[in-house]
Structure formats: C-alpha cells, structure tokens
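In the block that follows, a single chain appears as structure tokens, in the form predicted alone.
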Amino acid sequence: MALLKRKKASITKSVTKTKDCSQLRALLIADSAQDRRCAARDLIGCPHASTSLLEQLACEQETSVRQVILSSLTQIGDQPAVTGLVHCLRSEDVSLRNEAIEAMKHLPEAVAPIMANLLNDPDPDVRIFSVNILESLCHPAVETWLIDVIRDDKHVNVCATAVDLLGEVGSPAALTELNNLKQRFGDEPYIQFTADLAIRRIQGG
C-alpha cells in the first residue's frame, strides 16, 4: 500500500508541474496574483507566449506580476516581445514606460536592429526614452548612436539627454560633435554646461 501511495503522489506532482499552455494562459488572467505570477513565469516555451504576456501586461496592475511578465519577455526576447516593449514606450503609464525601458536594456541584440528607428522616432519623448535605454545597453554601437543624436536631432532635450550619457561613455571620437553641438545650441545654458562637462571627462580633466 505504501508503494501505491508513493506512486500516486509522484503522479500528482508530475501533473502539477506539466500544466499545458492553455491552462497557463487561463491562469495568466486569474483573479489570484500568485497564479498570474506563476503563469507568467511558466509560459516561457509556449507558442505565442510573448503575445499572451503582452496582452496581460497592458492591463496588469500588480507590480510583482508585471515584473515577472517583463522578466519572461526579456528571456524570450523574440520580435513580438521587442515590438510590444516598444509600444509600452508610448504608454501614458509612467511606471510601465520605465519598466519597459529597463527590460529593453537587457536585450541588446534584439534591440540593436531597431535602435536607429527609435532614435529617429517622430515623438521626442520616445527618442529620449531610447537614449535612456542606451545607458545600460551593452552594445558596441552605443557611442556611435549617441554621436548621431547630438549631430542630427533638433530637439534640445533629446540632445541634452544624449550629452549626459556621452559624458559617461564617450571617447575622443565624440569631441568634434560635442563642440559642434555647443555652437548649434549657443543660447542653451544647459547644453553649454553639460557639453563642457562631457568634454572635460573625455579629455581626462
């Protein structure tokens, strides 16, 4: 009898561990935050997981669940996940925008092919958010993207955000465009200040 009991317990545990994808999608919209967290974690590997996670992210109010959803999206890192995170940059929800920015920082290879488009988005706020993503994006083109921003962008706040970051990651390759930026925004005290600061840091001053 003891053997039978152990076998039954083992079978039950196995069934619990192998919920199918349809069950996980149902749990993702359950009333229980714990169920939603578990589903968001376990959906990785299911077909169209990114789509399901993004649909729930759009309406999820529980911070801990959103964090697990975003963690799963970064682990999946496919095109739908990246596209959905970009869409979050346009959200009116400040917390969601910031969470999307942090998630995208962990997807350098997936984000890199679309970064040029993001930095040329018609919305200056999206361009600023994109520069913020570059802050921790471990990619060799970060400085090149920032130099392109301060050379080409017409919006002072976008350029100011890029200059702040160049002061941390810039090399002598950025010096010419930093000086050009000072001339282009000669009447903007903050640009003068932050560009001078970036130049001094790059030159080791």
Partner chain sequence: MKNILIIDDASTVRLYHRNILEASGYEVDEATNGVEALEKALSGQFDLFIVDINMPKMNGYEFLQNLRKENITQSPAVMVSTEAADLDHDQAFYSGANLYLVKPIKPLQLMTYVRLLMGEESA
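The structure presented is a predicted model; accordingly, all values stated were derived computationally and were not measured. Residue numbers count along the first chain shown, from 1.
Not on display, but discussed next: the form predicted in complex with its partner chain.
Trainee: Within 4.5 angstroms, counting heavy atoms, which one of the listed stretches 149-157, 53-61, 23-31, 37-45 is next to its partner chain in the predicted bound form?
Mentor: Stretch 149-157 is the one.
Trainee: Decide whether N98 counts as a contact residue for its partner chain in the predicted bound form under a heavy atom distance cut-off of 4.5 Å.
Mentor: Residue-level check for N98: yes, a contact with its partner chain.
Trainee: With the partner left out here, check for me: in the predicted bound form, does some heavy atom of A110 sit within 4.5 Å of its partner chain?
Mentor: Although its partner chain is absent here, A110 would stay clear of it in the predicted bound form, with no heavy atoms inside 4.5 Å.
Trainee: Could you confirm whether I128 comes within 4.5 Å of its partner chain in the predicted bound form, counting heavy atoms only?
Mentor: Contact check for I128: yes, within 4.5 Å of its partner chain in the predicted bound form.
Trainee: Is there a non-hydrogen atom of E177 within 4.5 angstroms of a non-hydrogen atom of its partner chain in the predicted bound form?
Mentor: Heavy-atom contact with its partner chain at 4.5 Å: absent for E177.
Trainee: Taking its partner chain in the predicted bound form, which residues of 180-200 have any heavy atom within 4.5 Å of it?
Mentor: D187, E188, P189, Y190, F193, T194, L197 sit within 4.5 Å of the partner.
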